[in-house]
Ligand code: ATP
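A lone chain, given as structure tokens: the form predicted alone.
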Amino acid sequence: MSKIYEKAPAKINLVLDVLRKREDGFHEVEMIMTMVDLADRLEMEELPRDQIVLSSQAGFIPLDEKNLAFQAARLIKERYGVRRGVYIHLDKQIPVAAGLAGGSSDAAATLKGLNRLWNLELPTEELETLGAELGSDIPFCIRGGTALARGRGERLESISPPPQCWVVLAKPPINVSTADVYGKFRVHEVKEHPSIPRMLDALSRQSFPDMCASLGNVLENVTLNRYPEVRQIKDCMIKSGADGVLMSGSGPTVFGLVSKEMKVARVYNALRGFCKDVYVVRMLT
């Protein structure tokens, strides 16, 4: 039986702005997202019985319908009348509940992989629409690259990739609920919104300094005020010389952008003193 392999990269938000709360309960957002080379890997193989079986080397994630990859497999099976089973092994490398869209990327990789495994020949746009039913970040994870996202995150426009640089990711030993952070966020309390046009201009000119100067995330204050560990990581990255520092998504992961390799070790070593989950990766451009 043939096997399909898919890579599920993590994403970071270069800009995350929230404009208002919508009538449907979601928030209207404008975000610029890109992918980094920290990834889960999925292996998919057809089963002789009509069943979804999920396994992982990580002992801390659900392997049933609570898992987004499982939900994605069930959705594509039901929507297109597939009467075949699949075994999915998830090699988990992206931290869970970290603001890096690990679960969303797993779901995206599952949809793309099963589209190939079962020869469904669905176009990317249809997979993105399908993914949006499960989560707001999934359409972007299906498309990949760098994108401007609007609506609740599902309306995408591909844009210029960031200039190549090092990315230092650090996650404190806490989990943060996205729903909880959005629930405590108040739009009227935002004193200054980040500028999407400014970031788009920096990316189009491939200006690393201007990209760093344009980073912004309106959810940052909510998470930083509730979790001092996140603020400590951000302060440490700034003091150790990262060129641009921002919390990704609703947190708690903080990333630092570094242009020169000799600075990377200094930032990494400063963080490793009090944070176990530290990664040095590159942009996926």
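Just count from 1 along the sequence shown to find any residue number. Remember, it's a predicted structure, so these values are computed and weren't measured experimentally.
Omitted from view is the form predicted together with the named molecule, to which the following refers.
Taking 4.5 angstroms as the cut-off for heavy atoms, does S240 touch the named molecule in the model of the complex?
Residue-level check for S240: no, no contact with the named molecule.
Please check if Q93 has a heavy atom lying within 4.5 Å of any heavy atom of the named molecule in the model of the complex.
No - in the model of the complex, heavy atoms of Q93 and the named molecule never come within 4.5 Å of each other.
How about T34 - does it come within 4.5 Å of the named molecule in the model of the complex, if we only consider non-hydrogen atoms?
Although the named molecule is absent here, T34 would stay clear of it in the model of the complex, with no heavy atoms inside 4.5 Å.
is_contact(P62, the named molecule) in the model of the complex, heavy atom dist at most 4.5 Å:
Yes, P62 is a contact residue.
In the model of the complex, which of the stretches 64-72, 44-52, 212-220, 256-264 has residues with heavy atoms within 4.5 Å of the named molecule?
Single hit among the candidates: 64-72.
State the residue from A98, A170, L114, I88 whose non-hydrogen atoms include one within 4.5 Å of the named molecule in the model of the complex.
The residue in contact is A98.
Just to be sure I understand the contacts: of G131, G153, P162, G103, which is the one whose heavy atoms reach within 4.5 angstroms of the named molecule in the model of the complex?
The option sitting close enough to the partner is G103.
Could you list which residues of 107-143 come within 4.5 Å of the named molecule in the model of the complex, counting heavy atoms only?
The one in contact is D137.
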